[in-house]
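The chain below stands alone and is given as structure tokens, in the form predicted alone.
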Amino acid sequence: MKGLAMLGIGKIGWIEKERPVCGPLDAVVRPIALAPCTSDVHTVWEGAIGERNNLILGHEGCGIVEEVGELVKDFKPGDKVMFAAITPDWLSLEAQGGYSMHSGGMLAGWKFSNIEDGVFSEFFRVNQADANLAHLPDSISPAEACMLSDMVPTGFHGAELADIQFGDTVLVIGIGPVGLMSVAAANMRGASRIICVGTRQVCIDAAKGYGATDFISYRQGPIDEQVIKITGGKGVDRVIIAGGGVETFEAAINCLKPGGKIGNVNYLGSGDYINIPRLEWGVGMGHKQINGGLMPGGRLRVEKLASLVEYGKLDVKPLITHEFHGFESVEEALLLMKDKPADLIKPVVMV
């Protein structure tokens, strides 16, 4: 089969590999829609998780089941399916402990394009199909299903990690597709004021639609100083970090109220350490919490988030700004995600 792979740090290309073998609990799926992610960019061009050679990229998409293992109960060849970017081993001790995304080791629930071949191929394997696949409802398009692989669950997890409560003032740093879903989730969880850090007009317009109330730009000065100013010196109750680098945490701590919480879902592609300012952290005693987490995967998660789309509570269509056609277009879409032109939020490839 053909697949778009990371050949090494800074290099991508098309390669030929054997079709994946379907284990007794697994499924082999043929993609019908695929979406590149900024995570693919971090992985390839920043080498964020180390060297990977001839590893097929991609972790967002949907498809049609081609083959199922003998122990799979709920899926059969021909079924249209969704999946999350994170496909844990649900029989692991880590899953039993409540951290399925780390089943088998830290971040090991993230298999596609990390420790196993990803979905930018003519066929891909989904481990433990009954637990990691979900049926694609007729009312959800394949393009929308791609957003349910990663953008929606990751963005929503940012709001969960920040523990947003009714009436909270929330700062969302970065309003790319994940940050936009964090805005939507913060709004759903009852945030009263949602301050966004972003500069691209297409993202600002989308954020307004999802419930954002205020906007600041990192180009106009330090983020924390601007937040303190527009909140009358009070700062914010919660911060969701969905963009930026390791330096972003310092600004987040500086404008966070005592007892506040930071939810980080940003894939930090470079830098060795995160600086936490001592005084602004209350000399270690300010009850300012930092929670960073890989989003939960699995069938139940996908089904619940899909129901928000299915019943009109969440519209993911504003995320999709560019549509490509044909499997070979995956490379062009990935390079577009790398270059991030001003009118881009998210590209989707209809296979």
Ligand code: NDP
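The first residue of the shown sequence is 1; numbering continues from there. For clarity, every value in this text was computed on a predicted model and none was experimentally measured.
The next section is about a form of this same protein that is not shown, the form predicted together with the ligand.
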Please check if residue 150 has a heavy atom lying within 4.5 Å of any heavy atom of the ligand in the predicted bound form. yes
Is the gap between residue 198 and the ligand in the predicted bound form 4.5 Å or less for some heavy atom pair? yes
Is there a heavy atom of residue 286 no more than 4.5 Å from a heavy atom of the ligand in the predicted bound form? no
Residue 295 versus the ligand, in the predicted bound form: is there a non-hydrogen atom within 4.5 Å? yes
Scan 57, 62, 68, 37 and let me know which has any heavy atom within 4.5 Å of the ligand in the predicted bound form. 37
Residue within 4.5 Å of the ligand in the predicted bound form by heavy atom, from 81, 256, 184, 173, is 173
Look at the stretches 185-193, 120-128, 235-243, 270-278 and give the one with heavy atoms within 4.5 Å of the ligand in the predicted bound form. 235-243
What are the residues of 214-231, in order along the chain, with a heavy atom within 4.5 Å of the ligand in the predicted bound form? 218, 219, 223
